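Read on for two forms of one protein chain; each stands alone as structure tokens, with the labels structure 1 and structure 2.
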Structure 1
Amino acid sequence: MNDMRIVERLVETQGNKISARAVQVHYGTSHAIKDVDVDILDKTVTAFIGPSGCGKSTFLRCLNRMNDTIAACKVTGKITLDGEDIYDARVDPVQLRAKVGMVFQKPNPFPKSIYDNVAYGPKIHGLTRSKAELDEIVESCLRKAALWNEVKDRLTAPGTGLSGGQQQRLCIARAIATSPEVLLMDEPCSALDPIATAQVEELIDELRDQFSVVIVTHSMQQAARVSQRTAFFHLGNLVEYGETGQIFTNPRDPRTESYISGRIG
């Protein structure tokens, strides 16, 4: 618990990275996100927890406008990144997504080689000037995603030929290769074994130095381990949002309490 207090003090010093106000999401007639207000802090790991279908992924996808690709999805309310409204007509979602990266719930490697999967982002954004530089980025990202040792001898093999957990880590490497300011991770460890999970959590902790990270997870322990802030969603509502230590030790809302102790799920 002592550690937790140190972390808490660090958090206080961070400013807001993303602010969401009165966000509503409709899929056609169904109301998936109801009036959510959230402030995501800079250089902080924020965990989204909540029962299946409560809208965690949906809300996460609002933050980098990935919901634009779903025709039936309507987002209202205001979300700002560094004070700028990301749903403003002048904002280019392409540039927004270069700043707000995402790892999806289901691994979706491209049907390209492992190397090309990771190099894809740096290439399209022109982040490197030489092949050597690109090689370096690919290697360091694969190392950070705890995949390097498994794939270093077959970088030209197709990424789709990896196991599910390896694909998940490949997608993590792909997402961090563009050095986003915010990284949205939708259950990044759902297909990973305990060792790889620990490595990814270590990575998340490391990323906190430069980025802010939002992670969706179904594991209370993971949320408690890696995050400084936790948001609990239930049936499309943001029930409680606060410091992770407080949410897990002293929740204010009875629904949070029962979810954490395993009574609703």
Structure 2
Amino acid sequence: MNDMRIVERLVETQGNKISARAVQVHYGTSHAIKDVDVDILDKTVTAFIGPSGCGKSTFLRCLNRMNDTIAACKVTGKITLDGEDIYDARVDPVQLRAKVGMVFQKPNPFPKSIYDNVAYGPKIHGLTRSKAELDEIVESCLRKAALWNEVKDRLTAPGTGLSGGQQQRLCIARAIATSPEVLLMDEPCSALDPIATAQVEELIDELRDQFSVVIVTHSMQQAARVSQRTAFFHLGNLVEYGETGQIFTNPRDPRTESYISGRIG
């Protein structure tokens, strides 16, 4: 390989946080993900879009090995985080999930206080040495999740007593409390009203300064608003991946164009 090709390759790969190559997912005899190759950039919001059942959430769950919890699920291919194979036998999935946090479709705060919801991760991973350090992490994460001013006077109240939008922001605060490098969000606004959705979208935009954010969304409008890169999935295939503006205004694949224009999905 000549020097010019080497330079081009370096430029191509230096911004990648996660790389997937030839990823296949089977649930028993069902072939859910078919030969997916994708590079997810650092400090960027990447949206996964596509019709229901197209594989976008299944692929998202591959990125922090959540599919390991499903007995019938088999993942093959290679996924790396900062160049390290996350499916290597030496990788502890629990430690991986501290680095690759996840926020689910339905807000799911623990049946604990607001404070303990955020403090739980740092405690079990031994990230703090004192109560003062833990207090600092809890406040910092609640501030990053734009929730501190709403809950600072009731940190001992149960997290389950918050509104839906507040609960989802609490779950985001909990997910970032272990200082992850990547934040996965599986339709994080689908259970929220428009005002709460706008607050979470604004938060996602702020979080990309510190994290690589990957969001699965059923809303093309949301993908257009919050992401810089978009991947379109259809029938288990990654059909097209590129800059969000290009995907929505000038898609290269006719299937993408059909989905964007509402003819499929």
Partner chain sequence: MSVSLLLLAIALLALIGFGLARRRALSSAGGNPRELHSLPGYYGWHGALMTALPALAGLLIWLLVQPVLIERSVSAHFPADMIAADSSLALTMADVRRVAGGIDVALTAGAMKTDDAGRITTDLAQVRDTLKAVGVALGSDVTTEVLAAAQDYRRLAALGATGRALLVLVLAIAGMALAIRATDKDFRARNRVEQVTLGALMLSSSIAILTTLGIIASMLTETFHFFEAYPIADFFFGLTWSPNFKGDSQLGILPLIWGTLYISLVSMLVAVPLGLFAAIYLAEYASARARAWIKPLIELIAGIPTVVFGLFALVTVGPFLRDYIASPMGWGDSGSSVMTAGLVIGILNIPFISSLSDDIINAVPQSLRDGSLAIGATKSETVRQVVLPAALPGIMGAVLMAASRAIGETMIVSMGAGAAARLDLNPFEAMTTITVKIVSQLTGDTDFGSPETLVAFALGMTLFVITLGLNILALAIVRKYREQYE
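What you are looking at is a predicted structure, and each value in this text was computed from that prediction instead of being measured. Just so we're on the same page, rigid core means the largest C-alpha set that superposes within 1.5 Å between forms. Along the sequence of structure 1, residues get numbers from 1 upward.
Of the two forms shown, structure 2 is the one predicted on its own, while structure 1 is not. Taking the rigid core as fixed, one finds a CA shift for residue 127 of 2 Å or more between structures 1 and 2. Core-superposed comparison between structures 1 and 2: the Cα of residue 159 travels 2 Å or more. Rigid-body analysis between structures 1 and 2: the smaller part rotates 15° against the larger, C-alpha superposition.
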